[in-house]
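Provided below as structure tokens are two forms of one protein chain, presented individually as structure 1 and structure 2.
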Structure 1
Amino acid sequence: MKWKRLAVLASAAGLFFCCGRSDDRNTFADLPVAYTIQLKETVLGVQTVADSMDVPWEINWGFDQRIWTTEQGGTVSAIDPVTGIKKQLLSIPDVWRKRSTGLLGMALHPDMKSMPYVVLNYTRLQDSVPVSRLVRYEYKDDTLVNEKILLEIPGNTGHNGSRVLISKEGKVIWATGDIAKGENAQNLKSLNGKILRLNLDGSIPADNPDPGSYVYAWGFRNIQGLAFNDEGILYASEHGDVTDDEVNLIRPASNYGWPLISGKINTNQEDSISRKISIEFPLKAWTPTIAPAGIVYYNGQIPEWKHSLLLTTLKAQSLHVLKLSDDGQLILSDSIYLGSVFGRFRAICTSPNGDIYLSTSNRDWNPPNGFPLKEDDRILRIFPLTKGEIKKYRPFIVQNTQLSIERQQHPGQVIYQQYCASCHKENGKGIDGSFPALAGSQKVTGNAVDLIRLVWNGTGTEPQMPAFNFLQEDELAKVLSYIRASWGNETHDITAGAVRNAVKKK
């Protein structure tokens, strides 16, 4: 008990509590474990692999087994996480840093051996006005050379974005902020508040949604994280205004709603707008806000976290594990770790063996109480402890470091979104004159057998609803339980047995 308390104290203060620090690092085992996380089965350790940095705004796992990082003041370095040796590859003299500006996003070409290109985004002043510049460098003799300007757009000290990626097919994806002018996000002529898609030479790809425009998707406020999953689905995390931080699944030629709609539909005004223009809704929205930042798709060696998005947060100072549905189209649950232990988190990447690296952001313009610590900013490594290490650290393992698991999404909600929401809408309000509202419907809250038969058989006559007799009994039970439990309906569940009885062939 006493040990456990000590461990909590030590880890809450971000102190090392084991094994003294070694200056000669040849393996990760030479580094102390600063914190532990108990999952269902796996126990994770957290180590500091780099410290005394100045806001590592982006971190990428390099083809050379080093972590490539931008620091906001204007440098690019590569760090060997095992030895801690840091090599500066580039310093950009005209970076302008104030609040949210500076050297920000970075992407390495997925095939650096034959295409040694690195794309960076930084802010500079042009006639005293901030400009956000996207550039390409070549990697040669362990430095970055031959700056080529790909694109320049207006910048700002707030809502400035931005992240960059290079896709497998070699296209540059650049997420830009609305620079605190919401109207930019809906204006297709402005390149702010957008996700842009470029060729590596800065030209517009012929297969862009509009071959005359860089715009790939629009309606964004301030994207802070971008990631592809293994299948090439693109996800983005975004800062909302006073409400509704978001994670979105990005589809080409789609409008994500800002500033007309924040998050999902919560007001009558948003509801009426959503009927007039086609808007993509977030996979998940957070109110109160958490200030989401870097995001990465994870399918590595930690079984509990497989097939999820890992999301870092600034304001909430935490790591969110967002479990995805099999097809990657939905977020099923949200678990939160590392809250308020290491301060703000900015960037995240994974190594091919499934270790996770996070960077802190405690030397930015908005440090939380008690930060920065002397060792800030740092890059942390999260990895599964071996049986031997668990034994060694057992007295220190902090039980319950998982701060909260949000209630899992209702199992029927997924089915509802797949089969019913297209007509009856996510909010259960349907469409006047076409599809009846399920919220407040007596047919939903009334006799269970009638309800089961209605949805199982559909309605043959106009207005038509298809028959859902192709669903499994338990699937129908789940979706009907969901509509009976949602939007104020508050009626008891329907079991798979009840479905079976109600639709039994005579």
Structure 2
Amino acid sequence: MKWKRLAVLASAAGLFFCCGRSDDRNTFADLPVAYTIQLKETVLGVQTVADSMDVPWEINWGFDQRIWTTEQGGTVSAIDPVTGIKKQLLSIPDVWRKRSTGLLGMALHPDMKSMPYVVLNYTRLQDSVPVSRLVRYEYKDDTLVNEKILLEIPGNTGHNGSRVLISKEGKVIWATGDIAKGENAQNLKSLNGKILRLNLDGSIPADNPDPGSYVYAWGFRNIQGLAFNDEGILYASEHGDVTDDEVNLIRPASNYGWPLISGKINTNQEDSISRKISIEFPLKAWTPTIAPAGIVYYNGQIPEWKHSLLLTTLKAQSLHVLKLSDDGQLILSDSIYLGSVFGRFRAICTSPNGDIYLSTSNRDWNPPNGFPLKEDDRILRIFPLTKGEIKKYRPFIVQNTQLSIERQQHPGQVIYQQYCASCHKENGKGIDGSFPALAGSQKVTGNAVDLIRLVWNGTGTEPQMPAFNFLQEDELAKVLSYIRASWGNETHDITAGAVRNAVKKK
């Protein structure tokens, strides 16, 4: 039965409250509050401080009280969040953009006054082959000059990473992806699927785990977020395959498992591997996946969120607040806010006064249903409302709201939403050149045994599809039946017995 998906406002309650924004402003008070979040005691407001952007892939709070941002097409800008004035600092002409490539991570030196360095990562083509380049610029006269190449490694159209940090000690931390070749992550001779540590001149630090190697830690699929806490503990958020997105606490000279183990131990094979190889397991893993992106440590003015990791997500279109133990070694709770209100979130930063800034990612290669909106992409500000503002917006503050789905669903639709819709889309049309359409597909409507085996085993060719053999036989039967009955396919159902027979007979 066809039905229109309702927004679910879980964990945080709020109400979308639309009104126009002014581009001629002198204070944050000139901006409308577009959304509210009721916590236990604090009420938060959400404002748009910048819009109409070209996928702001990274945002940093600058020493100059501006938000520094990379846009995927190849520009670096600084935005005054109060006035909205945007100043372009750099345009890189040879940035190559396809799918998740382009101008990606950025880090500002912690002491920009004495060490005015900015480190960027971008993808370029070299002899028609993608490479991932790490570069250092100097900030001078409100522009970036004197490019210095620190390192180049192989790239791809996906799984490039790539977040960058500069530690208090002045070391560059670079998270790289496995470029869709899982074997890279365990190969210590490859710099893909790693966390690398460099000096600011591109040399290898003498105190690296191996003084002859940039590799600081390994065994990663596609890291999308990096953050230090106040004590210098390093955390990373990472995309899993079809299961087990992760947040990890990063230790030097440690193996994080990919592709040998995803998440924590779930199978006998993974248990056997863990007995032979020392593996660091995640602080938290998510199945179904949420596509974690930017991450930041928060200890600011919002009391309910102090001493937490704030994690943005793409697929789940939400902000996760991950409460940490006192020593920062454990995640105690996971609270979810802003679900499906503003679309995909890519990056996050905080200001010294504890305001939080998020960037949306709705004009990238994989927009969610209903996006982009004309205002996209945006940078949003989250901040505590004053008593006067709470009184003003009281009619729009809703506590503990959860809208229910009132119409009947196909039994396989929830499974499809969890595992398939982010690629093949809710309408089954996929993404041209990346994920094939399921609507009208002969592979979907044809021989049931071939379809079962294809989905059960996955594919090793591009576009690559992971194996779904972690699902129960009845779960796979339900989701395949939903696909075969949707978007005009109108083909007969698949039973759990059919799945069992197809898998055993292969």
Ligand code: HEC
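Each form is matched to the other, and the largest set of C-alpha atoms that superpose within 1.5 Å is called the rigid core. Quick note, the numbers are simply positions in structure 1, starting from 1. Given the structure is predicted, the values throughout are model-derived calculations rather than measurements.
- Remark: the form predicted alone is the source of structure 2; structure 1 originates elsewhere.
- Comparing the forms between structure 1 and structure 2 on their rigid core, the Cα displacement of Ser434 reaches 2 Å or more.
- A movement of the C-alpha atom of Gln65 falling short of 2 angstroms is seen between structure 1 and structure 2 when the two forms are aligned on their rigid core.
- Taking the rigid core as fixed, one finds a CA shift for Thr36 smaller than 2 Å between structure 1 and structure 2.
- Relative displacement of the Ile483 Cα between structure 1 and structure 2 on rigid core alignment is 41.2 Å.
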